[in-house]
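A lone chain, given as structure tokens: the form predicted alone.
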Amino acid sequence: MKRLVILGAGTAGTIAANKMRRKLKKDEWDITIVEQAPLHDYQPGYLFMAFGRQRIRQIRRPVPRLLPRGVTLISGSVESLNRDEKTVVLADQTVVPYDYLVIATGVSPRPDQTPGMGGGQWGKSIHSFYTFDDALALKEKLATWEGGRLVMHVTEMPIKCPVAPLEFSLLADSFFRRRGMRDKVSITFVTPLPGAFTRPIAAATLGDLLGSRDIAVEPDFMIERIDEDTHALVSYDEREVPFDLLVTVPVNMGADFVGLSGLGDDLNLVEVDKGTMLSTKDDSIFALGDATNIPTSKAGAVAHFQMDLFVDIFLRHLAGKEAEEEYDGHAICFVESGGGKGLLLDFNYETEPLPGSFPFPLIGPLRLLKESRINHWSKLAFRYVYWMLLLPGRYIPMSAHLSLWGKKRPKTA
């Protein structure tokens, strides 16, 4: 009996467990998934929860309910990985042997990596929304905050859902306008990037959106520390951005065991072949979703498109064959822009987000890089797709590869 062990029951790990159990014969393969958290969160819901727009029951479900029969769930956290012996050691010293390993432990915010961030002001004047507890605390803060200088800050890239900080800034503008206090709030978006996004065409569109909402942008800001006494962000080039309320995205790092095992980079992200997700250092280990160092967004859509190809990639690898189709970095991303509208981005490793229609030319019905109400409602509806289709690994009629059908490159690009 061969042993496949999946580390992590987030989006990528859960889809992997469901798809692989259906494909691998039960009398030949034992599948085990290791997860510490008892609950699985729909993480895009954190952003809405911070503004009081989603309920807890809409974004949390017990992990066991999401896994198929025939998959063994072990509750625990990974302490170390012994690649020579092909074993995973858990915090309680349980040893889990494997023949093939899938690392899907994602990334986590690490405020401790930035001086002054995780100190006495955390949860007071400094907040985040990248975990359930942080989003809940921010919701309580925003409900009673009387105004002042609001700063949305990104420490460094890559981060989970790179457009989420932009969405927060735009939704904050809408939130304070609805409360009749926008004139009491200044909003500044502070980023280490040279603009609002990593790709120029989308960056121009998103930058215009911020400008139209009177949201200032402080680009190329590489933070050195947070001065807790003066309530200011301080960069390495000695710029300062003062705040009354700071909403920050701390450094996002992979699991510590990844770095200790020699599989990862400086951020504990597993170094993989970007087309096959196979570790570049161990041919019995794959990594999926946010846990990898591939140069595309860390988002649920990436896990989805990877998994559409991964089962075949894995089976061909077992047979000593090269993959027939490789992952091209395809990602789609809805961007909430406030006022019941949103944008849609569709891109991959080589092609940046372009304007056009999606999924069909002319008729759409979704618009790329353009605000529309249907984009907003599609983002809200995706929560149901996530629970009912995506996580169970069911068929979704969408190509894993980027299509240029319906897209137009601006003449000035």
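Predicted model only: the values in this text are computed from it and were never measured. Quick note: we count residues from 1 along the sequence shown, nothing fancier.
Not on display, but discussed next: the form predicted in complex with a small molecule.
Although the small molecule is absent from this view, report whether residue 20 comes within 4.5 Å of it in the predicted complex, heavy atoms only. The answer is no: residue 20 has no heavy atom within 4.5 Å of the small molecule.
Taking any heavy atom pair closer than or equal to 4.5 Å as contact, tell me whether residue 201 reaches the small molecule in the predicted complex. Result no; residue 201 lies far from the small molecule in the predicted complex.
Is residue 77 near the small molecule? Define near as a heavy atom within 4.5 Å, in the predicted complex. It does: once the small molecule is placed as it appears in the predicted complex, residue 77 has a heavy atom within 4.5 Å of it.
Quick check on residue 34: any heavy atom within 4.5 Å of the small molecule in the predicted complex? Residue-level check for residue 34: yes, a contact with the small molecule.
For the three residues 10, 288 and 379, verify that every one has a non-hydrogen atom within 4.5 Å of the small molecule in the predicted complex; reply yes or no. Affirmative, all three are within 4.5 Å.
Contact segment among 226-234, 94-102, 159-167, 270-278, judged by heavy atoms lying within 4.5 Å of the small molecule in the predicted complex: This holds for exactly one stretch, 159-167.
247, 307, 196, 255: which sits within 4.5 Å of the small molecule in the predicted complex by any heavy atom? Filtering the options by heavy-atom distance leaves 255.
Contacting member of 327, 314, 189, 130, with respect to the small molecule in the predicted complex [4.5 Å, heavy atom]: If I apply the 4.5 Å criterion carefully, the residue I get is 130.
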